[in-house]
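Let's start with one chain on its own, the form predicted alone, as structure tokens.
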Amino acid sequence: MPDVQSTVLEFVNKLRKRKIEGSQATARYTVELLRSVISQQRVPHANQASALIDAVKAVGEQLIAANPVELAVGNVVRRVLHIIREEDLSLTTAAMGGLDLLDASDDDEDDKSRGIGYPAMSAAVVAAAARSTLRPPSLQTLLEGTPESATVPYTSSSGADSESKTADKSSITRKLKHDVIEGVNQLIQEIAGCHEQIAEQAVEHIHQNEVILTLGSSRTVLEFLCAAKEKKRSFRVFVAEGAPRYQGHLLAKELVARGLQTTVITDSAVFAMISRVNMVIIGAHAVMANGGVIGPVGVNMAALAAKKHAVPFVVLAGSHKLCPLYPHNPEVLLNELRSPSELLDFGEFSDCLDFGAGSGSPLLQVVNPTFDYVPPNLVSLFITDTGGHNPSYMYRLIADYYSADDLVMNGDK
């Protein structure tokens, strides 16, 4: 796969150089790349699922190692692996059911002569049933249903049983790759539409004349607040500026451009202003399996202020941000340090950065973390593209999207 391999290396370099940042951007690029890997992967007649899993894991480990702090990359890789395992199980179940029906038809000639047939479930039906059990169904799945062309017709000719069985097994083997790509396409649509799915729930949570506090810049939060305004909700937004990158300034400009009443405050003023706030709404970088949240730096301070004043602390997160790992796992990188130049002017502080006599290190050190961690006991509600959930339910929701065999990958280590 020369073309795919060059694309993989290009994406790895972009991740290492931080040219692609943000959960949705990295998730979208990752899933589209894995779709190309699957479509161009040559698979043997037998053990197709194993070949696809090995190919996806090989690429996924490279992507995870390139930028471990972008947890959405690992989440998407594990989601695709889960899709492969799920579709393989569905088709295997359908194949076993089809063979059982053919065997039973040999012993029931009288039933056939009376016109009694045995309905054969197609692989698509079994896969849809498995998906509805293992993870919440998408709106597209509910509307489309199962095409009639996916059903396997019942063959009443007992003279061609062996040929029919062989043909059924061959067609099911060829169908796995097609179904996996369909599942990945559905995942791509899910990632692309997560903002709209979350924003549709805004009117249920934001009420008239409320004051909302948020921190930093998040497109999910922006669409959520604007959706409430479109439903004729009148409210004010306090935006903590999100120093030192001041991403809150960008969000404030977007909110004002959409016609929302907005007030910019410093991060240190959160405790002073929280008593006037009805709800804190933030976007998440990742949601861990225990319900803890990785968000922009300073968000833990806002969560503590909300807890102190009994203000609901609401987290918005698409399903691609749900991480099956726990924050104490050694393979989880919760944070990274950014350049000190975002905090200090090197020219102005050059004398402070001189090395001390005999110490071997500068007298002044600068620490500029990117993220903060919020424990689950400080979170009131999660709003995802599948609805609102309590922190205690997140582990169950996350378990629906991943397989236990794929939790730890070599790229995490």
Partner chain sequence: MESRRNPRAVVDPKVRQVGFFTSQPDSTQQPDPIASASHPVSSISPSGNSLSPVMIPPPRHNSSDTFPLRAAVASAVSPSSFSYSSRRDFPDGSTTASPGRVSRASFARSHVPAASSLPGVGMDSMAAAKSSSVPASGLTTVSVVNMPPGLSAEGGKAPLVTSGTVASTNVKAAKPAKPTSQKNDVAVAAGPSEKKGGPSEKDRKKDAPHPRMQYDDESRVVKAKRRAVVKQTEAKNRVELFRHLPQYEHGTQLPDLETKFFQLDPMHPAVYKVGLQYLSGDISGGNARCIAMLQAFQEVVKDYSTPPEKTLNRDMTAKISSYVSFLIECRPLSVSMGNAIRFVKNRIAKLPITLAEFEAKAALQSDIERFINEKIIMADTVIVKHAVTKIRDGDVLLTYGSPTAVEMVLLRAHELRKKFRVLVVDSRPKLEGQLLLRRLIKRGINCTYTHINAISYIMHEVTKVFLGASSVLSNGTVYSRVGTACVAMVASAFRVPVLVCCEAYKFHERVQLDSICSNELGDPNAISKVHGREDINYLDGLTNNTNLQFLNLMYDATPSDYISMIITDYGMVPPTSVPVIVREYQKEHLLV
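The structure displayed is predicted, hence computed values, not measured ones. Numbering follows the first chain given and starts at 1.
The following text describes the form predicted in complex with its partner chain, which does not appear among the structures shown.
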Exercise for review: Go through Gly292, Gly242, Gly295, Gly183 and name the one with a heavy atom inside 4.5 Å of its partner chain in the predicted bound form.
Suggested key: Gly242
Practice item. Find the only residue in His178, Lys253, Arg219, Arg233 having a heavy atom within 4.5 Å of its partner chain in the predicted bound form. Key: Lys253
Review point. Hey, in the predicted bound form, is Asp372 touching its partner chain, heavy atoms inside 4.5 Å?
Key: yes
Point to revise | 4.5 Å heavy atom contact, Gln201 and its partner chain in the predicted bound form | key: no
Practice item. Please check if Ala272 has a heavy atom lying within 4.5 Å of any heavy atom of its partner chain in the predicted bound form. Key: yes
Check your understanding: Heavy atom to heavy atom, is Asn377 within 4.5 Å of its partner chain in the predicted bound form?
Key -> no
Revision key, fill the gap. Assert contact_stretch over 304-312, 82-90, 220-228, 192-200 against its partner chain in the predicted bound form, heavy atom within 4.5 Å, equals 304-312
**Study point:** Stretch 231-267 - residues with a heavy atom within 4.5 Å of its partner chain in the predicted bound form
**Key:** Arg236, Glu241, Gly242, Ala243, Pro244, Arg245, Tyr246, His249, Leu250, Ala252, Lys253, Val256, Gly259, Leu260, Gln261, Thr262, Thr263, Val264, Ile265, Thr266, Asp267
Review point. Did Gln186 and Val332 drift closer or farther in the predicted bound form, going by a CA distance change of 3 angstroms or more?
Key: farther
Review point. Quick one: Glu331 and Val77 C-alpha atoms, closer or farther in the predicted bound form compared with this form (3 angstroms or more)?
Key: farther
